[in-house]
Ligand code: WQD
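Heads up, the chain below is alone and in the form predicted alone; it's given as structure tokens.
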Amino acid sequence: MSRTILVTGGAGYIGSHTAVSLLEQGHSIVIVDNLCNSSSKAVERVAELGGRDVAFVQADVTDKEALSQVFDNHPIEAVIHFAGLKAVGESVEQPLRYYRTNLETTMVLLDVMQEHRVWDLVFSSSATVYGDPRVLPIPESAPTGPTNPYGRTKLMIEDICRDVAAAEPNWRIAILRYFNPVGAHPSGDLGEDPTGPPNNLVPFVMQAAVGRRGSVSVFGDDYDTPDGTGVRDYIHVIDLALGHLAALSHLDNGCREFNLGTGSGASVLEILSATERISGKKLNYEIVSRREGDIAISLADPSRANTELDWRAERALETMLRDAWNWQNKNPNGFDQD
């Protein structure tokens, strides 16, 4: 059944790939994004890849009047909520900015949804809500305890969603806890293009491989892992996008959390080695001190999403990195080719 979906933060990395998947499955979409860490060119690429027109409104989701107009002007039936700030390190340095932006964005959105009686929401959360895990792989029932302000904003928003769903039985909310999204659209026309230096490993490595960055900093080689570097559960952004569509089609009354990951991990050094092999480029890297808030290992238990959403991550790490390199090699300066 095709619907009209509002995608907040839809010009961003995960939002834009999800937007393409929505169009491919016949949905109509409205993207709202303030472009603080994204490009309007991403929206153009979404329309090209999806083969459909895209309604785009450049606005901040904290602007209640602007957001209300979006709902007044479009027959919104459900929302996928990506809008927010997302860099762990930056959140440690600028906690107030993260709390103010991420919480206010969501509360304004929920307010406007309630006023327009739109009750279906898929929220972009994060595996950072688990903090330093006590059990691996991590199930949704694991204790939460974020180690940085970014993760704490995600957990606070989850609590807000659970509370509004308890107060109003019409709400149908899926909370998706992502592990580490990487990769790009297989066309090479859509990928991760952060404003300024990347905060995540893979886009930084790809920019180094294409000659846009110098040495790659490896934050710590003294973790309790096979090679001493951090291990993460990497998931292809296309698999992640399809997880949002699966959640959208399996919404039920109340609020439910789902891990989106593969259940297997790769270390920083393994990512560097695989990127060198795929790109044919030699990478320079240096070991530096750990970042505050980082943990040694994070692996998903995705069995709830596998069972209840009929969703499974299918793309291997090799495919993730090959697609990421294809995007970066085809767009060495990202969307800004000037």
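Residue numbers run from 1 along the displayed sequence. Quick caveat, the model's predicted, so the values are computed rather than measured.
The next section is about a form of this same protein that is not shown, the form predicted in complex with the ligand.
Visitor: Can you tell me which of 22-30, 308-316, 47-55, 286-294 lies within 4.5 Å of the ligand in the predicted bound form, counting heavy atoms only?
Guide: One stretch meets the cut-off, namely 286-294.
Visitor: Residue-level question: is Tyr234 within 4.5 Å of the ligand in the predicted bound form, judged on heavy atoms?
Guide: Taking the distances in the predicted bound form, the answer for Tyr234 is yes, it comes within 4.5 Å of the ligand.
Visitor: Does the ligand get within 4.5 angstroms of any non-hydrogen atom of Tyr150 in the predicted bound form?
Guide: Answer yes; at least one heavy atom of Tyr150 falls within 4.5 Å of the ligand in the predicted bound form.
Visitor: Hey, in the predicted bound form, does Val218 get a heavy atom within 4.5 angstroms of the ligand?
Guide: Val218: contacts the ligand in the predicted bound form.
Visitor: Gly265 near the ligand in the predicted bound form, any heavy atom under 4.5 Å?
Guide: Heavy-atom contact with the ligand at 4.5 Å: absent for Gly265.
Visitor: Consider the chain as shown here, without its partner, and state which of Gln114, Asn199, Gln94, Thr144 has a heavy atom within 4.5 Å of the ligand in the predicted bound form.
Guide: None of the others qualify; the residue that does is Asn199.
Visitor: Of Val88, Leu110, Ala241, Val79, which one comes within 4.5 Å of the ligand in the predicted bound form, counting heavy atoms only?
Guide: Comparing distances to the ligand in the predicted bound form, the residue within 4.5 Å is Val88.
Visitor: Only counting heavy atoms and a 4.5 Å limit, does any residue of 100-129 reach the ligand in the predicted bound form, and if so which ones?
Guide: Going through 100-129 in order - heavy atoms within 4.5 Å of the ligand in the predicted bound form - the hits are Ser126, Thr128.
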